[in-house]
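Just one chain follows, in the form predicted alone, and it is written as structure tokens.
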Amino acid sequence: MTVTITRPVRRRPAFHPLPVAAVDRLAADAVAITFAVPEELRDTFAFRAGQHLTVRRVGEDGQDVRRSYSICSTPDDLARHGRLRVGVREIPGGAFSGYACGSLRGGDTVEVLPPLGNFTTAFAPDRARRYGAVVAGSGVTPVLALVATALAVEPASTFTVVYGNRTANSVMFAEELADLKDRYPARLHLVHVLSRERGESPLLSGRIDAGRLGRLLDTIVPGDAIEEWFLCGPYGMVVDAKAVLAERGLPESAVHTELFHVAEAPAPPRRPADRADAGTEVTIVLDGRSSSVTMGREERVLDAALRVRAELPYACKGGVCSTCKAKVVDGAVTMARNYALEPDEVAAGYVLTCQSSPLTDTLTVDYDA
């Protein structure tokens, strides 16, 4: 059942076909895709450094594939030249990353959703701050945009980046980082850590885990002086780094986190035995219309809602990107994962519907809120 509601509607971001200006090889398994954004869409695609894009491709089998990739270019690149660039590392069997790294060419067109994400900060010319980042692999992609923006916009700020990779040949954006180091030699501190090659010292050889990061902060990285941190990479590294910084007294508000991939599936929601088979009547509010569907307690809200509203926004379905964010206005849910919403958003009632399962007999989620 679908009905129309009368309250004001927030215009929902929509996919736009963007031409591909270039596909540049970064490493054997990674590329950078540059989109040419038409003048009339530059306001629509305006972004803050650290945000990401959701791309969509319908495969030959008719499958709707959606993935999120971080923006590595700067807001100034978009405003001045209409360029929007993302980094893509190929995942074995990846439905979009395999296509991007193998078949995508300049002149092709990709459907793209306007930028989203909270992995950012409020850069301002009169602000002087010491920033730090701990990244691994393709986790450097949003940090490249953050570094370039911070150093250009804030003349008195500095940035330290601890960047982990397997080998020197697998480093993404090596040239771009080197260019930034040449441009800002006194304000950018780069520390490369290689897990499968011997580095300049034993400290720089191995995976970035809690022990190694702690030693880096005690020696060559000015950990106690850094005021704001960005952590991006695999789950284990991000969790370890966040714990190390918390032990050193960094407030949660000063540490931004983002994951680029979560391999393990979350555990299914646990229910009391007498409620395991109970159904929930869910109302979905989207684009000013209210639709209803009955779902099981073990289902995810997004999966159930897609049965009646195929146009619902979503991308990763892994709790990472926030594309499927909605507000619970009636009832309650439990989230299996949340790697995208800030604590204040959760406190205000927002959830990731791809990770949410109902706890009540009725539930209303509002995508327009």
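All residue numbers refer to positions in the sequence shown, first residue = 1. Everything numeric here is computed off the predicted structure, so don't read it as measured data.
Although not depicted, the form predicted together with a small molecule is the subject of the following passage.
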Residue 187: touches the small molecule in the predicted complex, heavy atom cutoff 4.5 angstroms: no
4.5 angstroms heavy atom contact with the small molecule in the predicted complex for residue 93: yes
Touches the small molecule in the predicted complex: residue 164 (any heavy atom, 4.5 Å): no
Non-hydrogen atom contact residue 321 with the small molecule in the predicted complex at 4.5 angstroms: yes
Residue (of 283, 121, 97, 158) lying close to the small molecule in the predicted complex, criterion heavy atoms within 4.5 Å: 97
Contact segment among 82-90, 124-132, 104-112, 204-212, judged by heavy atoms lying within 4.5 Å of the small molecule in the predicted complex: 82-90
